[in-house]
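Okay, so here's just one chain, in structure tokens, the form predicted on its own.
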């Protein structure tokens, strides 16, 4: 959460609720909605580390609000984030660990595990398809997020087929 919030602040100062709205508008309904409490806790931590600076703004008819702006150190952190590659291949996969250990425990059947995981992936794909159908057509980022998740699921389904072929 900290790096996306920093990246949003590059375009200008904002308060926590504005940042929450910006994330929701950008990513659409497929992405888990950020908790405003988590956002404010993260903003507090970013401020303590000097990546952002906060300023209280008086409001006559409401409680004061805190506006955050990115610092030079924050900009450098965002630049470094965009320069890094993201993640490594999933070699620490919980399902694969279950599949590998099942024969050693005698408490689970590998093919049953594969079938159960396949059903889970197919249900998730169905849910994502419904989300895509209901998503605002102009929100290309949200559609790309959903499409990426579905492509990953399809690859996982193909891999499950390969596992089943190998283990039967």
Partner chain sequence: MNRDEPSGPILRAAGLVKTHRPEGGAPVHAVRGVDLRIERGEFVAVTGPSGAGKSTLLHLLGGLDRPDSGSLWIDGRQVDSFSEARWAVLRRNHIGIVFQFFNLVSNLSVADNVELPALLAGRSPRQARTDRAELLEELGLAGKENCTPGELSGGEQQRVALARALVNSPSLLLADEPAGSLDSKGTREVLRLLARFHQRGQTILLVTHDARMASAADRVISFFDGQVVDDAHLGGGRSRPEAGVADVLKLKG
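Predicted model only: the values in this text are computed from it and were never measured. Numbering follows the first chain given and starts at 1.
The form predicted together with the partner chain exists for this protein as well; it is not shown, and the discussion that follows is about that form.
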Partner-facing stretch of 23-31, 65-73, 102-110, 45-53, counted where any non-hydrogen atom is within 4.5 angstroms of the partner chain in the model of the complex
23-31
Of 141, 122, 41, 57, the only residue with a heavy atom within 4.5 Å of the partner chain in the model of the complex is 122
When the contact criterion is heavy atoms within 4.5 Å, does residue 81 count as touching the partner chain in the model of the complex?
yes
In the model of the complex, does residue 10 come within 4.5 Å of the partner chain, counting heavy atoms only?
no
Taking the shortest heavy atom distance, is residue 127 within 4.5 Å of the partner chain in the model of the complex?
yes
Heavy atom to heavy atom, is residue 14 within 4.5 Å of the partner chain in the model of the complex?
no
